[in-house]
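Single chain ahead, written as C-alpha cells, the form predicted alone.
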Amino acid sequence: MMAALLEVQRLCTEFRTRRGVVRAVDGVDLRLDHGETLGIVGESGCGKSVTALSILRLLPRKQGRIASGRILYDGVDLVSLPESAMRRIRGNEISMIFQEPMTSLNPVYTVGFQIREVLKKHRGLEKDEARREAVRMLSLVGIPDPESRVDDYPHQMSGGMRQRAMIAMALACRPRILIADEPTTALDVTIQAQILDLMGRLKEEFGMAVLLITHDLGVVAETCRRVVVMYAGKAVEEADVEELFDVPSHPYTVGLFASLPRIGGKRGKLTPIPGTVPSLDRLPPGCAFQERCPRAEGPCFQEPPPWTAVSEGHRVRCWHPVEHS
C-alpha cells in the first residue's frame, strides 16, 4: 500500500477552561491518501474543526495544545516541527478554507491584497506579478469581472463570492492538501451546489487531496470516497461512503441517517436522536453515547469501546454495533 499523504495517529487536543482541562479531540486516527476526498461528519462540538486546526497547528496558544499523538505529512511529524518550518507548510502545502469567510477575510484589506500576500510570502512573486496571479485565481473560481473585483473589500462581495475568494486564496499556491471546514455553511442551496462543483473541478485540476469537514451527509455522499464519523471528540465509525450509507453500524450513525428528512415519508415526521451531546468536561464512564443510545447495556457504562472491524475498510467503535442482514 502506498504511504498516506497525511496520517493522524492517536491525536489528543486539550483546552484549558474555567472548569479545568477539556479534551476536545481524544485519540483520533485519520488517513488521507494522495488525491482522495475524506469526509469528517458529526454534530457541532464533536471535534471536527479542532482536528483540522490541530493539523495546521492553529490552536489558540494560551488555551489549546496538542497533548499527544502524531500528525504525519509525507512522513514528517508536524507536531514536532519548529514554527518556522510549519509556516512554510501552512498555506503553501496544506491550505484551509475556513467556516465563515466574512470573519476569515480581513475586512480592512481588499480581497486582491490578501491573495497577493499569500503569493508573495510563499511563491516569492513581486507586487505586479502577484496582482496578475490574484486576478487569474479569481477568474479561475468563477468571480465575474475579476480585474475589477480584485480591488473589492470583503463587505462588497456576496456570501458566495466571498467563499469563492477564500477558495482562490487557499489554492493560490497549489497546495497538496485542502482542508475545507463547512465550505457551504450559510449559503443557499444553489450556491452550495456551485461551490461543491467548483471544489471538485479544482481538486481534479490541481491533483489535491481534500479533507472535507461537514455536518451535511448529502454533501458527503456527493463528494467523498471515505468518511469518518465523530462524536464527543472521538472517531466512532469509518468506512467507504457507499458502505456507510448502506450499512451504518454505530448507533449514532444510524441515528444521523434516521433524522434526515426523506421524500415520501410522513409529512413533517423526523426521528431525532434523543438527548444532547454530553459536556466534554463531564463525559460519562464507558461510551460517551450511552445516554442517547437504545442499545446501551453492560460494558457500555463501564469501559470505552474498542475498534471493531465490520468488513474490510469498515470499522466501528461500539460494544453493540448494529447488524444488517
Partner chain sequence: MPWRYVGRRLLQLAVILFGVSVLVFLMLRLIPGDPAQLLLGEYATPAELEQLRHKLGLDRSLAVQYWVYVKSALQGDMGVSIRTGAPVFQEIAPRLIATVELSLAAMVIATLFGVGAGVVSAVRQYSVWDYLTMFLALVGVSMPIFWLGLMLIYLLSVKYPLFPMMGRLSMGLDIPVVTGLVLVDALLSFRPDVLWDGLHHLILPAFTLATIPMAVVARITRSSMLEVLDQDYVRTARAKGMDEWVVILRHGLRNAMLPVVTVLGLNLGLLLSGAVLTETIFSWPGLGRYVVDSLMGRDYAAVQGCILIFAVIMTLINLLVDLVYVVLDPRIRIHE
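Given the structure is predicted, the values throughout are model-derived calculations rather than measurements. Numbering follows the first chain given and starts at 1.
What comes next is about the form predicted together with the partner chain, which is not displayed.
Among residues of the shown chain, Gly142 is not one whose heavy atoms approach the partner chain to within 4.5 Å in the predicted bound form. Contact between Thr190 and the partner chain in the predicted bound form is not found at the 4.5 Å heavy atom cutoff. Proximity of Ser158 to the partner chain in the predicted bound form falls outside the 4.5 Å heavy atom cutoff. Though the partner is left out of this view, Asp216 does not reach within 4.5 Å of the partner chain in the predicted bound form, counting heavy atoms only. Picking from 240-248, 121-129, 191-199, 216-224 the stretch near the partner chain in the predicted bound form, with a 4.5 Å limit on heavy atoms, gives 121-129.
If you check the partner chain in the predicted bound form, you find a heavy atom from every one of Leu58, Arg61 and Tyr153 within 4.5 Å. Between the partner chain and the residues Met230, Val210, Ala172, Leu105, the one pair within 4.5 Å by heavy atoms in the predicted bound form involves Leu105.
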